[in-house]
Every structure is written in C-alpha cells, then in structure tokens.
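Just one chain is shown here, as structure tokens, and it is the form predicted on its own.
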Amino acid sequence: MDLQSVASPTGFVIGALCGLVPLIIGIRRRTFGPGLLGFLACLFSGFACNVLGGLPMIVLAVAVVISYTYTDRDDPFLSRATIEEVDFEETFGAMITRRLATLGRSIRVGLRALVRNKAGFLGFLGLAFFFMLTIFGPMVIPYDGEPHYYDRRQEGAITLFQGPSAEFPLGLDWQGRDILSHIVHGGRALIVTAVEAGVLTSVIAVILGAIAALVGGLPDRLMNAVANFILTIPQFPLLVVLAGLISFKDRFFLALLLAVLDWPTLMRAVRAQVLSLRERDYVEAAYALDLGLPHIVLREVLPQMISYIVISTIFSIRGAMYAIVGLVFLGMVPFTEPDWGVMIFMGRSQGALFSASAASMLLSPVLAVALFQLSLVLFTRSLEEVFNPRLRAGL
C-alpha cells in the first residue's frame, strides 16, 4: 500500500460496491437505518484504505445489520422452546448467520461502552481526527516540498522562517515551505511504522508466552532466559548503536527490530496469565480431549486475555513512536520528508531553537506526536469497558 496516497477515486468505487452488501441485506431484513449506516461505513473505509478497508468492513457491517433482526427464538441453542421442539440440525448458512449476529451484538455493545466513557471517547475522537488528517488531509492540502527562497522571503528578514499567518496557519519552515502541509503529510509513515511495531510486539509476545506456559520444560526455560537477557539491555541506547551499524531504509525492518527488543515484558505477563488459566476446568478438558495446542491457545486461552493484550499493544505503539522519533531526532534513521520526526530534526539543525518566528516548526510536530499519544492513552479507558462486562454494568 502506498503510504503517500491511500484515499483515491478507485477506493471510493470499491467502498461503494462493498457498501451495497449491507445495504441490500438491510433492505431485505427491513432494517433500513443499520443498512444505510453499513453502506456509509463501507464507503468511508473503502475510500480510505481501498480493498484493505472495504472487505473487512463488509463483514462488520453485515454482522451489525443481522444482529438487529436475529432474535433468540431463531437460535436453536438459545431457544426457549421445549427440547422436543428445537431442531439442533444447523446448516452451514444458519451457523454463519448465528455467528455474524453474535459478532454484531458484540460490536453494538462495544460501541455503547465506547461512548459511555467520556475520557475514552475523547481519545477515540482524537484518533479519528489523526486518521482523517493523514488519510484525507493530503487530498485537501497539497504537499509543499519545493524550496521558496525568493517568492516568500519577507522584506528585511534574514531567514525564511515565518510565524503563523492567515495564509500559512502554522508558518513557514527554513526553506519557506508551508509547515501545515508537512504536518498533514508527515504523520502517516510514522504512525504506520509504530502500529506495525506494536502489533508485531504483541504477536511475538503472545505466541512465545503461551508456548512457554503450556509446553513448559526446556522451551519455557530457554524463552525466559532470552527474555531476561533482553530486559537487562537498555533498549534505546542499543537502538542508537544498531542504527550506527545498520541502515534502516525499510520501515518494516525498523518496526520488526523494535518488536524484537520490546516483546519480553509482555511475554512474561502473558506467560503468567496462561499459567493461571491452564488450571481452569475448561482448559484441562481441552487437554483431556487432545484438541491440540493451537486450539487451546486460540480458542480457550487467548479470548480470556484479549483485553490485556489489546491495551498492551496500544502502549507498545506509544513506546515505538517515541523510539522512532528519538532515532530520527538524533539523525540515526534516514527517513525522508515529509515526516514529523524529520521536522524536529531539521528544525534543530537549522537553528529553529534560536528564532521566535521558527517556533512553530518545532512545536507543531511535537504537539502532533503528543496529542496522538494522549489520544491513545485516553482510548484505553474505553477499551477497558468494552472488554470488561463488570465495568459496562457499572459495578
């Protein structure tokens, strides 16, 4: 996926075609409102991320539409009819419909919990703002990447730095370029790399932690030894040293390296949780039935830890973003413009610290990073209610 141009007319068409599926199902089931909302959700998601956004949204939107009309009496496993009246022979289509309805109800409950927590909802709005800014902002504000050495120089000024004005709300940088355009275009690569690092960290930690706890023996001791060794090494100084030896031209490689250095903390927590869960009756029953390690991990253990894993992933994203910005600020990562970290690096190297009119070049990316991080932290407040039924019930 091209990081510089995601939203496109092709994506709009893909989103519209994907949105027809929940819309038609909504019309057939006489749930016009949810069907229309599903169409708009698919349209927006497809327009933003093309096929990667449109296809998953079809499943989510259809699930929500079906959940409005799929009642308990239609479910042979939840029916209140007598045992003689219930037909437990379920077709494949009926099974898919039942599972989609369950998913749709979970989504609706999660959305209500998201809105209920004011701080968490504020964080969600902040993340939505940055999503809109980085995905759709480039369509409205073109990238100003060419130097303007003469046409934007103010009379009597010794630099091209300018403070905020009506024409340039965030001012001009050291080459006379619009800082707002760099803020709009500069966040996507940084955010995507941090998200990749956070997700990879969680995947590595969950897999290794579950295997260590469920298998035990030599694999458990070996993974704990490796985790303890990595934890004794200061992460950021090690990144600085590695950056001096390795050229991080591939952002995914940098994300993978951050994940490799960050997984031990979560892995130890996952291992402790799995060691506790493995004593539960349903896990012992799965062992007795010889359902296999993948089934036990994915179907029995992982759902019980999903809230902790998701929140840990968000904090891993937060830490990865700080590490990336720190490396770029030190000039150790050859990221190209536009990039929030590069803006800070170039501002420092071009003397923005010593000019009041250049303050915006440093403050704008710093505030963008800080607000994005704050939105992430606040968003976890709502996630706690989404995954914790006791908090949703107000207990």
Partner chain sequence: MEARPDIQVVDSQSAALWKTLRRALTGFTARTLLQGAITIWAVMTFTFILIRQMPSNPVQIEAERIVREEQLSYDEAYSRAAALFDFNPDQPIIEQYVEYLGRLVRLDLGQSITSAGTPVLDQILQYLPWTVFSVGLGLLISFTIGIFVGMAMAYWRGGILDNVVTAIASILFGIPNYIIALLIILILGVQLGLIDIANALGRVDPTLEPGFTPEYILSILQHALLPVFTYVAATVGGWILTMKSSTIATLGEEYVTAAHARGLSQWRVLTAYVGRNAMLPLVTRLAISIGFVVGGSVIIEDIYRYRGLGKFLVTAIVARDYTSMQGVFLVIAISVVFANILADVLYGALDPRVRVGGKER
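Positions refer to the first chain, counted from 1. Please read these numbers as outputs of a predicted model, since none were measured by experiment.
The form predicted together with the partner chain exists for this protein as well; it is not shown, and the discussion that follows is about that form.
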query	finding
Answer option from Leu55, Val366, Leu37, Leu60, heavy atom within 4.5 Å of the partner chain in the predicted complex	Val366
One residue of Ala205, Ala213, Val325, Leu254 in contact with the partner chain, assessed in the predicted complex (non-hydrogen atom, 4.5 angstroms)	Val325
All of Leu17, Val21 and Phe32 with a heavy atom within 4.5 Å of the partner chain in the predicted complex	no
Partner contact for Val377 in the predicted complex: the partner chain, 4.5 angstroms, heavy atom	yes
Contact of Phe130 with the partner chain in the predicted complex (heavy atom, 4.5 Å)	no
The partner chain contact in the predicted complex: Ala359, any heavy atom under 4.5 Å	yes
Contact test in the predicted complex: Thr91 vs the partner chain, heavy atoms, 4.5 Å	no
Contact segment among 314 to 322, 135 to 143, 94 to 102, 205 to 213, judged by heavy atoms lying within 4.5 Å of the partner chain in the predicted complex	314 to 322
Residues of 224 to 239 having any heavy atom within 4.5 Å of the partner chain in the predicted complex, listed in sequence order	Phe229, Leu231, Thr232, Ile233, Pro234, Phe236, Pro237, Leu238
